[in-house]
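First comes one chain, alone, set out as structure tokens in the form predicted alone.
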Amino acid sequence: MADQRILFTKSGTAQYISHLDLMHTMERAFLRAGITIRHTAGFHPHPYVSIPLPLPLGFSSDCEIMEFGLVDGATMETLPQQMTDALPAGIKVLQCYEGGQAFKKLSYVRYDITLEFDAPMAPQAAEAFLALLKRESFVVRKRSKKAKSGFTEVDVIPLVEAVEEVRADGTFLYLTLLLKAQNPGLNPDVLLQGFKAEHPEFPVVYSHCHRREILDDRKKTYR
């Protein structure tokens, strides 16, 4: 039997559920909803659930995808409501469907980013942000568990596929960016970290990232 996938949203207080806790939350929700899913084989079987692109902590999203194997207790039509009723506030299952594209086809992510400054300097900050992305190279130092030093450097320019919208409104700067998703991908927090380090004259007092859409290698909606 082919695997199934769900499309779900994550917002509000659910933004602060870590990826590992989200996996456990989903597993418990299947149990509470009376839905039986496929388990791994071996001496210590556990529920098979897989999220191809984990959402960073604190981000909201309209387009999270999880793969699992439906065995019993629901149909693809009834499962979204059954799961939503069993999940914490802020997580809503929108759709359940059969199969889907290979994970390696997941190529781009569209993010909406909001920055708030402590003074009405958003227009100037927008100009500075765009100037950074026009460089041939912009290397940002970020934390890395794999590096012996605990840090690594990444050139973010090749990982920014497109700047789709830049809108300044007093103290607020609104950005829509299309970023590479994997191999390697770019967490928008790394880009914002580089901007803050490069331009301390634009102090950011609040920032938020929202994952609006994930796209395949043809820049079509990934499912």
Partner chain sequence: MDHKLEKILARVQKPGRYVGGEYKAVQKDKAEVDCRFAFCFPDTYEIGMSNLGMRILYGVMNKMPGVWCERVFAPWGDMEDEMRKEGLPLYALESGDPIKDFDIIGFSLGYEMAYTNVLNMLDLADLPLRSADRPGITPLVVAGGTSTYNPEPLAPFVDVVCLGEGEDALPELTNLYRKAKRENWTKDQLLREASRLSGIYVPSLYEVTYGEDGIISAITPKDGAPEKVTKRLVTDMDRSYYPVETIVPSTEITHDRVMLELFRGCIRGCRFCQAGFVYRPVRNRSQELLVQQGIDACKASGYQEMTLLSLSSSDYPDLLPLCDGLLDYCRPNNVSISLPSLRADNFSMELMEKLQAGGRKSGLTFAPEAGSQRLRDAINKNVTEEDLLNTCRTAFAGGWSSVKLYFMLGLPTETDEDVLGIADLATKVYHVWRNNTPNRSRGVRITVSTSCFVPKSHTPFQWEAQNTMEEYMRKVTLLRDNMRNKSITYNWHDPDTSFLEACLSRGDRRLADVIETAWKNGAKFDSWSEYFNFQTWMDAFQTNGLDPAFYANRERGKEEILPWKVISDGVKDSYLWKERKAAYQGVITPDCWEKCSGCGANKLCEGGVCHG
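Source: prediction; values computed, not measured. Residue numbers count along the first chain shown, from 1.
Heads up, the form predicted in complex with the partner chain isn't pictured, but that's what we're talking about next.
When the partner chain is considered in the model of the complex, only one residue from Val109, Leu87, Ala122, Leu79 comes within 4.5 Å through any heavy atom, namely Leu87. Segments offered: 88-96, 68-76, 148-156, 123-131. Contacting the partner chain in the model of the complex at heavy atom distances within 4.5 Å is 88-96. Residue contact with the partner chain in the model of the complex: Thr9 places no heavy atom within 4.5 Å of it. Residue contact check for Ile17: one or more of its heavy atoms lie within 4.5 Å of the partner chain in the model of the complex.
Proximity of Arg167 to the partner chain in the model of the complex falls outside the 4.5 Å heavy atom cutoff.
Using a 4.5 Å cutoff between non-hydrogen atoms, Ala162 does not count as a contact of the partner chain in the model of the complex.
Residues Tyr16, Ile17, Asp21, Thr25, Arg28, Leu31, Arg32 of 15-34 are found to place at least one heavy atom within 4.5 Å of the partner chain in the model of the complex.
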